[in-house]
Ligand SMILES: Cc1cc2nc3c(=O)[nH]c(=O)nc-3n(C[C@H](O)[C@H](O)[C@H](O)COP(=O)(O)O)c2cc1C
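Okay, so here's just one chain, in structure tokens, the form predicted on its own.
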């Protein structure tokens, strides 16, 4: 395993969409999955499960669904490219090209990790508010992030995708997921084509954090 410090792993965890077909060794995959189990959850209920898809037939079926969802999303995004500032457009075009590659090869990923959740096992404290409910995700996505960071440490490429959630009924049928469970995301995992992970671009603290009250500038 490549020893990577936690801060270095976080600041270099890229969305790697180009994966080699080489299989992921069982011992490596087990370490990555174990890392997911260490994530915190409300009341330690761990209301998530992950279907680790390695067989060719279900991967192909999921790949076909993903390609359909990606085309719908990317067609809309491309329609607005001409309206974007010229300094932003090249980066968006690169992201779309990488997304095209993933969509074309999604079903060939060595591993697809499909994260599922059971709302009956979760204390969703914002469910009655007049807005989109997000609290439940706090017991799901930390496990996903642990898995992503573990992939980074192992030298595996990965990216969090949610397009298959739009085809949940079909995904559940393909994978035999029980009716009372939902899908949260799918992570394609494999060794990267090229360099894989590396420096990422994010907004600075000053754009994202406030001190004591909203809009009070945060400064150290």
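Since we're looking at a predicted model, the values are computed, not measured. Positions refer to the first chain, counted from 1.
FYI, the form predicted in complex with the ligand isn't displayed, but the following is about it.
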*Should residue 150 be counted as a contact of the ligand in the predicted bound form, where contact means heavy atoms within 4.5 Å?*
no
*With heavy atoms only and a cut-off of 4.5 Å, decide whether residue 102 touches the ligand in the predicted bound form.*
yes
*the ligand contact in the predicted bound form: residue 211, any heavy atom under 4.5 Å*: no
*Verify the contact flag for residue 207: yes if a non-hydrogen atom of it lies within 4.5 Å of a non-hydrogen atom of the ligand in the predicted bound form, no if not.*
no
_Contact stretch among 173 to 181, 157 to 165, 31 to 39, 49 to 57 - heavy atom within 4.5 Å of the ligand in the predicted bound form_ = 157 to 165
*Across 9 to 31, which residues bring a heavy atom to within 4.5 Å of the ligand in the predicted bound form?*
13, 14, 15, 17
